[in-house]
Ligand SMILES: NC(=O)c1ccc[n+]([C@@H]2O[C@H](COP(=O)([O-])OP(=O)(O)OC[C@H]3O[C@@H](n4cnc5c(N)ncnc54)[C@H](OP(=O)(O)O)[C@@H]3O)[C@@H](O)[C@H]2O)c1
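Just the one chain here, the form predicted alone, laid out as structure tokens.
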């Protein structure tokens, strides 16, 4: 039985993934600010600023899934917040790398989260694929540095996989919960033009992709984790309102209002392009929820 160590294991994806891994018979542990080893999913202490990780966490790990990182869309992008977003991904990855390098117990695989922000906050007719270069904006640069920190594990002879993730749809937390709340209150509306694409993925499929990356020795390098169904913001809101049986009376939220509220972070709200899922499908992964209709039926319509 393999032991999987997860950084960011208490976040939205980490919690869900931990349960899925336990159901498949894996031992699971997480990295946390505080240690608690006497629970079903043990927590090992780590401190990025002090460059510390509980040695036992690394010594007992067969595989590491690196999900840690400050939320991209949680707060306005001040200079301080931008640096935190980068450091929480890059410095944490560097710390794990340093400790793995020191340890004699060789990992079987290192899997790192990344994001479709790699391609930038842009609206275009292009469908982005894994071989496209990173964008020159803040979010593209962040993802480039994030992935570069993961690439160092390849130099240790460790199979390395990077998962560029779209908007994660889940019943608990994340973007969907906020959009459901606004639609239920009767104030849900398309944002800006509403024509920007929203590459998305059901949380069960995202966890399924992580598990496939863990178990499939042929998976190496980067994969987009987005559903095959391309939907614009307007299409998304209309389908969500229909699933919730709520009308959409309000006009689109003006772009200027979003820019005033969110500042430079508004770029990732008002812009968006299609992202290809062909590579992960070619690897043999079969989506449980390949279209938005089935995903929202599962997440908001089921009782």
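None of these values were measured; they are calculated from a predicted model. Residue numbers count along the first chain shown, from 1. For clarity, a rigid core is taken as the largest C-alpha set superposing within 1.5 Å between two forms.
The form predicted together with the ligand exists for this protein as well; it is not shown, and the discussion that follows is about that form.
With the partner omitted here, the stretch from 211-219, 153-161, 67-75, 132-140 that lies within 4.5 Å of the ligand by heavy atoms in the predicted complex is 67-75. Here is the short version: of 94, 88, 182, 103, the single residue with a heavy atom within 4.5 Å of the ligand in the predicted complex is 88. This chain lacks the partner; the member of 55, 33, 37, 245 within 4.5 angstroms of the ligand in the predicted complex by a non-hydrogen atom is 33. Using a 4.5 angstroms limit between non-hydrogen atoms, residue 294 is distant from the ligand in the predicted complex.
At a distance threshold of 4.5 angstroms between non-hydrogen atoms, residue 146 is in contact with the ligand in the predicted complex.
Using a 4.5 angstroms limit between non-hydrogen atoms, residue 115 touches the ligand in the predicted complex. With a 4.5 Å cutoff on heavy atoms, residue 107 does not count as touching the ligand in the predicted complex; it lies far away. In the predicted complex, the ligand lies within 4.5 angstroms of at least one heavy atom of each of the following residues of 130-169: 146, 165, 166, 167, 168, in sequence order.
Relative to the superposed core, residue 35 undergoes a C-alpha shift of no less than 2 Å between the shown form and the other one.
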